[in-house]
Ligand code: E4P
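Take a look at this single chain in structure tokens; it is the form predicted alone.
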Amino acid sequence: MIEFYLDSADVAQIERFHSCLPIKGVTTNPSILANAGIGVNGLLKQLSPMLGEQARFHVQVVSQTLPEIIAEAHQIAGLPYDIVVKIPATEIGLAAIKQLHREGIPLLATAIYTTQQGFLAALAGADYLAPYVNRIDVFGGDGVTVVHELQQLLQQQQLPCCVLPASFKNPRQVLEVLQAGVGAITLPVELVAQMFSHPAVPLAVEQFTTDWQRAFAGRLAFES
């Protein structure tokens, strides 16, 4: 089954959707954490009991040089959770991914904007690839096409890597990347809410209630 993540540091919203959806875990990045005003340790300490022992968390390095990225990745991977270390797919990032892969540390190559960039990250040893679907569109590309191309290349080359698309603007983009057969996806909580909301749904539920009460007032379904 697809790994379904929330791209958020909003604990209340994560709890909300965990109650009704099979959440695999949470993805974070420096911007998400900074905007929420919470650090990695504080967030994971709250989320781990909520999501359970099987939850997986994606945590990004903030270091810039190769030695510093390697050192920080070791520290992140050493936290007492199931953690995937996120590293931007730059030249230095790919060097770090290649080295850390040999050590068996789970890795996600992030900030992917082109098919070739993602493919090189997979060759370097990334376990997950995070193409930024909507941001690719903003720069004049086609984010959905990048996802499809990456998925096809991984299958053709039999690379043990999972495409985990991120950065969405609307539910249609989500549907189109799911149709590519990706193994994982991460969504902002606002978009998750849109995916099961439709103006006709409350009207339908209200009609069901009206019709039922007219025929079987005061009784529940099993009592009718």
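Residue indices: 1-based, along the sequence shown. Model, not experiment: these values are computed from the prediction.
Same protein, other form: the form predicted together with the ligand, not shown, and the subject of what follows.
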Query raised in the report: Does residue 132 make contact with the ligand in the model of the complex, using a 4.5 Å heavy atom cut-off?
Result: yes
Query raised in the report: residue 173: heavy atom within 4.5 Å of the ligand in the model of the complex?
Result: no
Query raised in the report: Any chance residue 166 has a heavy atom within 4.5 Å of the ligand in the model of the complex?
Result: yes
Requested in this report: Report yes if any heavy atom of residue 3 sits within 4.5 Å of a heavy atom of the ligand in the model of the complex; otherwise report no.
Outcome: no
Query raised in the report: Just one stretch in 132 to 140, 147 to 155, 72 to 80, 99 to 107 has heavy atoms within 4.5 Å of the ligand in the model of the complex, so which one is it?
Result: 132 to 140
Query raised in the report: Going by the ligand in the model of the complex, which residues of 9 to 47 come within 4.5 Å of it through any heavy atom?
Result: 29
